[in-house]
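Form predicted on its own, single chain, as structure tokens, below.
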């Protein structure tokens, strides 16, 4: 992005800033360390069971996965679907509100790829 594009974007943000900062609001909902990875792996493979999701993410603890899933559900970004069977079978799915973040996640993905390449060259 060149300086002119950057300046235009900043001007837009200044001119359209509501009373409550949208960045602070967004970070309150998705800003913990594990919420974005949880949502990312549900975007890649919707309808995962708890253990599938845990394996996909890797180093997340059971406590943090449970907490992140619970909070994302409370905030309306994912839904927990129980099949009502014994033993219990529960899957996690993004809601339409959660799916709205696909472009933001895509931008984070591309940004990460770009900057990982720079880091690997150094």
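Positions refer to the first chain, counted from 1. Model, not experiment: these values are computed from the prediction. Between two forms, the rigid core is the largest collection of C-alphas that superpose within 1.5 Å.
Unshown form predicted together with a further copy of the same chain; subsequent notes refer to it.
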Quick one: find which of 92 to 100, 78 to 86, 62 to 70, 49 to 57 has residues within 4.5 Å of a further copy of the same chain in the predicted complex by heavy atom distance.
92 to 100
Residues within 4.5 Å of a further copy of the same chain in the predicted complex, restricted to 1 to 21 and counted by heavy atom
1, 3, 5, 6, 9, 10, 12, 13, 14, 16, 17, 18, 20
After core superposition, I'd like to know whether residue 10 moves between the shown form and the other one (criterion: C-alpha shift of 2 angstroms or more).
yes
